Ligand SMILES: Cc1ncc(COP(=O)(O)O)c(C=O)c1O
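Listed next as structure tokens is one chain, alone, in the form predicted alone.
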Amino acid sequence: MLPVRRTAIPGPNSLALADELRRSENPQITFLDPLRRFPVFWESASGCLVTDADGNTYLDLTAAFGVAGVGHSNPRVVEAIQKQAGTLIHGMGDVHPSGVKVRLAEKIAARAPGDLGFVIFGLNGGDAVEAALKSARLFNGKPGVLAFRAGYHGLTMGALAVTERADFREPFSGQVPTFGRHVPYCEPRECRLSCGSRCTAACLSFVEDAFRDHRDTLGAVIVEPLQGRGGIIEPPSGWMAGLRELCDRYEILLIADEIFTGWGRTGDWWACDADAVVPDILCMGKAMGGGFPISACAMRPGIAQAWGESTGEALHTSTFLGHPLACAASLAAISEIERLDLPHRAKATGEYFKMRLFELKDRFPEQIAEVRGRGLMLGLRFDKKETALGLVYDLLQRGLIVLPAGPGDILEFVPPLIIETGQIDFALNEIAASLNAGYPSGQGNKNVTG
């Protein structure tokens, strides 16, 4: 199925809802474009299509921040939520748990790489990162954590300590913890090593320098195996394996943040699989709930044991930990990933999508500088930031929901893993039409990712 336009975009109902929201929500949260081009308000969604409050439908190339891996309103996920809601909506996660929480913990242990068989549940990616940081501290007693430039791990205080972006951190200067250190990732444009157009494993020299200089305080390194919000940045083959070797040599824990990349997004169950790497701690979320909020932090047995046994007062918990509806939704979503073999499908469909992006780059060499990513985690880098941001607005008019990444010069493509090649063709044709038509320049546009 393809998008259908029924009104101006945004339509009258979306514009009215924007006015209402402006009167009731903190003004810093939702970007309400003063030129009234953005946003549209969602009413329903199915598969890869979203319908707004005015009846316009759009092809979602964001999977709603990577969440809708199995498609929006996947029928089996919906059925699981409805069935669970009829019996038990809320449990007492760390006091009197539900059986569905046990079943999900067992499923994650079976699907996680290596021996990462012990989990701490949360509701969002930031929860998983906080649990990972605490786990590392308890295991080896060292507070320091190494992270990477342009990395994004969430906006809670602990996650902010390892999230590098100054625009997220500076407003809270004095409150953000200082245990995080940052070194360069594999972004060719920022390479200090004269590697040319492609990064190499030489980038790991920055990591080893930090490990050596701060080995008394560094207890862990946290990494996205493929940076998402930072700009769809993929390290060279073998880089993750090299990072694993350095962590082993210096006795530093490896935390893989696979909140975005996990559950088949990059063409493997986990992005780490491409280098046959098993981290010590794995953060997961987004697609695992099929649209329902849930996350998890999985770890090796020895790290879990460092927490000690509960004596009746959990050291890390929350009211909605292991929520029955979330666990039921997650079990259904993971079963759908298995049933449809979505990692394999993401790899095959992603190769087609990437081929079409290279064709687009050949047609518009003056505007498009680079094609990035793997699986269904892809990006186009443009020579000018204004081009990417202008396309976000113009493509919305054409029935495509897209977002920028990195410093704003990259369009990311992270659709539901069930996207069809015909829908990809439609998207690429509309992008080409927009570039041919000289879409709005984007002058004055805000980066709508944050």
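All residue numbers are counted from 1 along the displayed sequence. Since the structure is predicted, the reported quantities are computational estimates derived from the model, not experimental observations.
Another form, the form predicted in complex with the ligand, is not on view; read the next lines as being about it.
Quick one: does Phe260 come within 4.5 Å of the ligand in the predicted bound form, counting heavy atoms only?
Phe260 belongs to the contact set for the ligand.
Hey, in the predicted bound form, is Gly125 touching the ligand, heavy atoms inside 4.5 Å?
Answer yes; at least one heavy atom of Gly125 falls within 4.5 Å of the ligand in the predicted bound form.
May I ask you to check whether Glu224 falls inside a 4.5 Å heavy atom distance of the ligand in the predicted bound form?
Close contact exists here: in the predicted bound form, Glu224 approaches the ligand to within 4.5 Å, heavy atoms only.
Consider His153 of the chain shown here, and say whether it contacts the ligand in the predicted bound form, taking contact as heavy atoms within 4.5 Å.
Result yes; His153 sits at the interface with the ligand in the predicted bound form.
Of Lys286, Arg372, His72, Lys101, which residue is found within 4.5 angstroms of the ligand in the predicted bound form when only non-hydrogen atoms are counted?
Answer to the contact question: Lys286.
Only one of 117-125, 361-369, 72-80, 314-322 gets a heavy atom within 4.5 Å of the ligand in the predicted bound form; which is it?
Going by heavy atoms within 4.5 Å, the stretch is 117-125.
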